[in-house]
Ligand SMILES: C[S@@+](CC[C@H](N)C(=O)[O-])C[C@H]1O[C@@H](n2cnc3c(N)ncnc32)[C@H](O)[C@@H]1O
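A single chain comes next, written as structure tokens; it is the form predicted alone.
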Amino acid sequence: MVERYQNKVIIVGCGPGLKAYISPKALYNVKKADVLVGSRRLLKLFSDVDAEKIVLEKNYRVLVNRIADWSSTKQVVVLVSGDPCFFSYSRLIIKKLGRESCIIIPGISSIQLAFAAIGESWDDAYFISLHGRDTEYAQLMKSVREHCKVGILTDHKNTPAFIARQLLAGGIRDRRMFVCENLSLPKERILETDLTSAVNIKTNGAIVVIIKRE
């Protein structure tokens, strides 16, 4: 039997980090929330919203059940970075509640902003996420060998330098690396380099890496 929820859960894409990139429709729906769920960083964007705020951390698998319970009586809005349909927490929510019980408001993915920053189209690129994933290196190698452009979501462990070392160890050299750091934020930085030089890059913040065949 399929469970039904009184209020649809609204999943809002908050874009790359700067509030100016969040759509008016998203802002309107956030203000309607009884319960606002998101990371500490995203919740800080809405300190003026009068809603119960729930921090999303490593509790995300347990929290999805609580979201389902709250939605029977309250309007729940879940904040996700980037776009909800691109390597996002929304996948677990939709699997739990069903797509008919969710409303998704798109956001600008950091991938989109990264390709815009380097002046490249992204309709012919391949995408992979290393964010919180330590088992994707074989797929990374395969994708870089087979595609002219690869967009990569990273984390504090899978840094541009680490990615460059992995690719070089796999015999891949004729590629350019674009490092897009803190996109849309005051400390935004865009670097272009070869893989050999990339092993020495120091980064601090949210990073998107783009690998392009020379």
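The structure presented is a predicted model; accordingly, all values stated were derived computationally and were not measured. Residue numbers here begin at 1 and follow the sequence given.
The same protein also exists as the form predicted together with the named molecule; that form is not shown, yet it is the one meant from here on.
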Stretch in contact, per heavy atom within 4.5 angstroms of the named molecule in the model of the complex, of 75-83, 96-104, 116-124, 136-144
75-83
How about Ile211 - does it come within 4.5 Å of the named molecule in the model of the complex, if we only consider non-hydrogen atoms?
no
Non-hydrogen atom contact Ser88 with the named molecule in the model of the complex at 4.5 angstroms
yes
Against the named molecule in the model of the complex, would Val37 count as a contact residue? Criterion: heavy atoms within 4.5 Å.
no
Are any of the heavy atoms in Leu56 no more than 4.5 Å from a heavy atom of the named molecule in the model of the complex?
no
Quick check: do Ser110, His131 and Ile207 each get a heavy atom within 4.5 Å of the named molecule in the model of the complex?
yes
Have a look at Met177, Ile67, Ile163, Leu183 for me and say which one sits with a heavy atom within 4.5 Å of the named molecule in the model of the complex.
Leu183
From the list Leu153, Val30, Leu63, Val150, which entry has a heavy atom within 4.5 Å of the named molecule in the model of the complex?
Leu153
